[in-house]
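Encoded as structure tokens, the following chain is the form predicted alone, with no partner shown.
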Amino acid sequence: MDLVTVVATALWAMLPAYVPNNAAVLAGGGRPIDGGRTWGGRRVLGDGKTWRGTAAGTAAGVALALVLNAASGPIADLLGVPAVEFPLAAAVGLALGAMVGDIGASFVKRRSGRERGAPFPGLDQLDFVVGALALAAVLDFEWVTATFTAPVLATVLVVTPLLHVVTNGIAYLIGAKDEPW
């Protein structure tokens, strides 16, 4: 696989995992997953992790995967590289796994004494990737191993933090986020 194909595959295959957390923010509000519970004097997750956001984020990621499936032929022809198609199990795994990864990161952040929105370099950029790939592998192992070859996985691990920093910076500059991370 040449470099262009590797990068295109990495970005395309991760789109259903890249979108859910942003969609969750847009859906915002609702009942916190932790129900306001504390552990060791700190919230288990915090108000930022809600059932509505998790459902909306997962639905958005799965819907995007279905749209990408419909567009894969024309996009592949346009770009001249093969476009990955998403079995439903893989789409659900990527989208819900991204949300679960982010929820897990919130748990770790609360245990380490960080408040909502506080930076946690590394964890902030890759939590959803780990969750997405892990759950997708549980639900459709063959698809994950065929799609996320070593070069594609390495690209995801390098490009995702860069995309995260750039998109969060843009969101901060336009007033869509309170902090630039």
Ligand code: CTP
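Keep in mind it's a predicted model, so treat the numbers as computed, not measured. Residue numbers here begin at 1 and follow the sequence given.
As for the form predicted together with this ligand, it is not shown, yet the points below apply to it.
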Checklist entry - Which of these residues, N69, T147, T155, T54, gets a heavy atom within 4.5 Å of this ligand in the model of the complex? => result T54
Checklist outcome for this item: None of P121, G113, G36, G28 but one has a heavy atom within 4.5 Å of this ligand in the model of the complex; the exception is G28
Checklist entry - Using a 4.5 Å heavy atom cut-off, which stretch among 128-136, 147-155, 61-69, 113-121 contacts this ligand in the model of the complex? => result 113-121
Next on the checklist: My question is simply whether I103 lines the interface with this ligand in the model of the complex - judged by any non-hydrogen atom within 4.5 Å.
Outcome noted: yes
Next on the checklist: Does any part of M14 reach within 4.5 Å of this ligand in the model of the complex? Heavy atoms only, please.
Outcome noted: no
Checklist entry - Just to confirm, K49 within 4.5 Å of this ligand in the model of the complex by heavy atoms? => result yes
Checklist entry - Is there a heavy atom of A10 no more than 4.5 Å from a heavy atom of this ligand in the model of the complex? => result no
Next on the checklist: If you apply a 4.5 angstroms heavy atom cut-off, which residues in 165-181 are near this ligand in the model of the complex?
Outcome noted: K177, E179, W181
